[in-house]
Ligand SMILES: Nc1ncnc2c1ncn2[C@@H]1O[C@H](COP(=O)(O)OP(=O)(O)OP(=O)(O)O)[C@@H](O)[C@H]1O
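This document opens with one chain alone, in structure tokens, the form predicted on its own.
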């Protein structure tokens, strides 16, 4: 779904900079919106009495209001894309909590605005769809996925939200986190579930082979092509094509893939006939596509097309509550079982929970496999059966505090907080997670520390 292909879409721009207001109105009109622009909260409310927008682009700081509460008044009407020159982490959090769908900092490029607009509309449509399915009392369950953590539940809900739609999905995450499993779950929960799920490993195929695998080839297209071959797009007819490690494809193939995504049309290698692709594309990457775009290694238009809806799969070290259930799931898998059930000792589970898992779920699976083999006929897997690198960091970053005197409790707290902020590069969310308190309380602690130690410029947003 894109703004350019939607019908009967209205947009309202609320921006007090008249020049920028006019530019935004013109861009949204080019995207297919019937667009109107106003310069204040009061004129926006007047306009809403006679004009029903499908989307609002809003500057938070207006002549008659600077409060994010205005977002709350508008978000019940339609999705809100916030555009402001006064960005901060704290303000972004407040805007999202108030109901904003997207948050952009001026100056924002036309491409980023278009991407934000499309995301806002797609997310709104998916939420409406989710409400419908919930009303049908048909709760969805993600197949073959295990977890109990908050991060896992957010991931599961996101999968359930996007699966019924037919939009392209980009899955981001470190190697081994289970991106293909997420793609399979999206497929299994989609209307295409009865058709094939076909995976393509983009990093193992050179140009001609990639094109032949994806699009197919005609007889004589290249040396050794002694017969016509259907490509994976044809094999996956009515199903899902999963493009793993999409960041690895070369520029010439990026252009051909973009054509398929934009038009749905492709040709076999060496052929002249056009075919219509009836598949859903899901892509994955363990690198930053945005970073590759900035380096000139990835087409920005393909990036915007792929990232219409993005799912971020967190690494295992950030959801330690999932380590035990995932390990038990692997232990119960028939591939590992003998003639009796096995279990982990308390010490073995502690060893698993205390390790940083740089290889993520894939590494955990391998460790469980080895533990099953090493434990032989024993019913209980002991800590000694858990093979982890001897020099590995088993508990994440180490914290060491040193003083030239016996510190007070307040000094211990202050120095511990400073070291956490340095370790996590000022990431308040991560510091809050380590401390086991809310982000709001963490902010108060940092603010107090800033007043006492004058470190606010480094760590305060």
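Positions refer to the first chain, counted from 1. Keep in mind that this is a model prediction, so the values were computed, not measured.
The protein also exists as the form predicted together with the ligand; that form is not presented, and the subsequent description refers to it.
Contact annotation: residue 330 falls within 4.5 Å of the ligand in the model of the complex, judged by heavy atom distances. The ligand in the model of the complex comes within 4.5 Å of a heavy atom belonging to residue 144. Although the partner is absent here, residue 356 is not a contact residue: none of its heavy atoms lies within 4.5 angstroms of the ligand in the model of the complex.
The ligand in the model of the complex is not approached by residue 216, whose heavy atoms all lie more than 4.5 angstroms from it. This chain is drawn without the ligand; in the model of the complex, the residue among 309, 298, 152, 281 with a heavy atom within 4.5 Å of it is 152. For the options 221, 181, 258, 195, the one in contact with the ligand in the model of the complex, meaning a heavy atom within 4.5 Å, is 181. Residues 176, 286 and 326 are all found to lie within 4.5 Å of the ligand in the model of the complex, as judged by heavy atom distances. Note that among 346-354, 301-309, 167-175, 258-266, the stretch whose heavy atoms approach the ligand to within 4.5 Å in the model of the complex is 167-175. Contacts to the ligand in the model of the complex (heavy atom within 4.5 Å) from stretch 351-374: 361, 362, 365.
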